[in-house]
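Coming up is one lone chain in structure tokens, specifically the form predicted alone.
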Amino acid sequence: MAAVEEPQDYLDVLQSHRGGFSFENCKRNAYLASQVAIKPPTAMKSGTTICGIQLKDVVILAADTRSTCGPMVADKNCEKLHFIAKNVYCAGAGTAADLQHTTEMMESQMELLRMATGTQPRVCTVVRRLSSMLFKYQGYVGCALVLGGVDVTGPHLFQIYPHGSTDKLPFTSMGSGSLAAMAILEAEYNENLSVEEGKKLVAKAIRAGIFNDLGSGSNVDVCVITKDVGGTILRNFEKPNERKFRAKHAAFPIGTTPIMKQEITKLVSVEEDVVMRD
């Protein structure tokens, strides 16, 4: 017969199934943080201004074109409007690599869904898949998205945060310049605007972000999404920071810097009339 195990004491059970936060590494972490040469990883602030508005049968997105790498401008004319499907586009703020791979993956999934079902993908499908994917990574995928599209149920505009939360709004802005852009949208948005008036409004909102946020700059890109045509990207719709002139640079005259020593070494010798034979 097998031996019958005696019931464990309640405190022993708690000790063997101990949960909660572990403080074992606190002393180690404090020591590492006290060392000058060792710095803990810190989050890097990203700079962008993106926005979108929903009208009666049109969704209009807009974004600036400045890409930053810390305090430096890495790209003055990058594209922040991403294709998801013919009728669904999004403007992205956050980490460039995360945005590119996330939107390309979603583009692939929506194309496979379209071919499998034979129907145009809905905006809510894209939002649900993006929200589930971002929530799974708990914010470590740095994607802040303003997603818009027009499907069989009409125009839709969503904002999606890196942790996976979503909002459905008539107008919205995200990024480091979102406060300046939102001030323009709240003051001048009207759902009865025409398409041309809507384009001018989102461009004005992005300009507010460009002129009031150091992380935003360069040009304004606009995307107009309609039911019949789908999405149309207007690249460099406005150029508020276009350079009007370039400073002339005159070469320094010979002798500006004194030459202390000059030496010319012949590294290669060329022999003429040499024929290679077997």
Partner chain sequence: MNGAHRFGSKCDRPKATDIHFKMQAPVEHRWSPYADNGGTCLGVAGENFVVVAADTRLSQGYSIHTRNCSKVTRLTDKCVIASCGMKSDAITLHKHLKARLVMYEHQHRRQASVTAIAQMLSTTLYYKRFFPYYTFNVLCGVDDEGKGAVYHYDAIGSFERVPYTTSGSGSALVMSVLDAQIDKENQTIDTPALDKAGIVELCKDVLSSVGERDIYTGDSGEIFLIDAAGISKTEFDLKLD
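Keep in mind that this is a model prediction, so the values were computed, not measured. So that the term is clear: the rigid core is the largest set of C-alpha atoms that superpose within 1.5 Å between two forms. Residue numbers count along the first chain shown, from 1.
What comes next is about the form predicted in complex with the partner chain, which is not displayed.
Proximity of residue 211 to the partner chain in the predicted complex falls within the 4.5 Å heavy atom cutoff. Contact annotation for residue 30: at least one heavy atom lies within 4.5 Å of the partner chain in the predicted complex.
Taking the partner from the other structure, the partner chain in the predicted complex has a heavy atom within 4.5 Å of a heavy atom of residue 241.
In the predicted complex, residue 72 approaches the partner chain with a heavy atom inside 4.5 Å. Along 228-267, a non-hydrogen atom within 4.5 Å of the partner chain in the predicted complex is carried by 241, 242, 243, 244, 245, 246, 247, 248, 249, 252, 253, 254, 255, 256, 257, 258, in order along the sequence. Once both forms are fitted on their core, the CA shift for residue 56 between the shown form and the other one remains under 2 Å.
Once both forms are fitted on their rigid core, the CA atom of residue 239 lies less than 2 Å apart between the shown form and the other one.
Superposed on the core, the two forms barely differ at residue 229: its CA moves less than 2 Å between the shown form and the other one.
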